[in-house]
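Given next, in structure tokens, is a single chain: the form predicted alone.
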Amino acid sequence: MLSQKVVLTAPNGMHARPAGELVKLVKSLDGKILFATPAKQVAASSILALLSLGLKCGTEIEISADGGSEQENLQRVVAFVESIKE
């Protein structure tokens, strides 16, 4: 399992639209992706689970990839989170 911390810089945080796009990306990958905050850890394959984290601008998230092409999967998800601008 590989993991990386990233700070969410999207001004509106993680809301329904980017969460839905993230879920589509995660479901296309060949491993499991987890998002964790100090309070909670969830599977990134569920939009409701992602939204339950209440991720706001400036929140630090630990993203973990397990199974499949871990390094590539982790890089793709981190790049997606860093690219959210709305």
Partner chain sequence: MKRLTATVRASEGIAIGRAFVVERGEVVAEPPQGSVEQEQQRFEEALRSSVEQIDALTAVNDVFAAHLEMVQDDMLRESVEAYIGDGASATEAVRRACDDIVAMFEGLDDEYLRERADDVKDVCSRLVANLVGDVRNPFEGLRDGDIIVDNLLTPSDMALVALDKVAGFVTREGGATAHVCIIARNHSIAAVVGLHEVLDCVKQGDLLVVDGGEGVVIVEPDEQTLAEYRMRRDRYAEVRERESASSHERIYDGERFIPVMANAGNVDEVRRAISLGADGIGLFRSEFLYMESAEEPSEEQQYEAYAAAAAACGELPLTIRTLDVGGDKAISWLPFPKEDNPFLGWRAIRVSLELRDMFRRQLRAILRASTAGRVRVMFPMITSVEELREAKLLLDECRVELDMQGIPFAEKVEVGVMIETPAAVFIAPALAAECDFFSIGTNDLTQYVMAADRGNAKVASLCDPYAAAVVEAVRQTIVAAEQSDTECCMCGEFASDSAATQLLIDCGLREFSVNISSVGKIKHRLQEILSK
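Keep in mind the model is a prediction, meaning the values are calculated, not measured. Numbering follows the first chain given and starts at 1.
Although not depicted, the form predicted in complex with the partner chain is the subject of the following passage.
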- prompt: Given that the partner is absent here, does Ser28 sit within 4.5 Å of the partner chain in the predicted bound form, heavy atoms only?
  reply: no
message: Contact with the partner chain in the predicted bound form for Ala36, defined as at least one heavy atom pair within 4.5 Å: yes or no?
response: no
task: Would you please decide whether Gly20 lies within 4.5 angstroms of the partner chain in the predicted bound form, comparing each non-hydrogen atom pair?
output: yes
task: Spell out, yes or no, whether the shortest heavy atom distance between Lys56 and the partner chain in the predicted bound form is within 4.5 Å.
output: yes
message: Counting heavy atoms only and using a 4.5 Å cut-off, do Gln41, Ile61 and Glu70 all touch the partner chain in the predicted bound form?
response: no
task: Would you give me the residues of 67-83 that have any heavy atom within 4.5 Å of the partner chain in the predicted bound form, in order from first to last?
output: Ala79, Glu82, Ser83
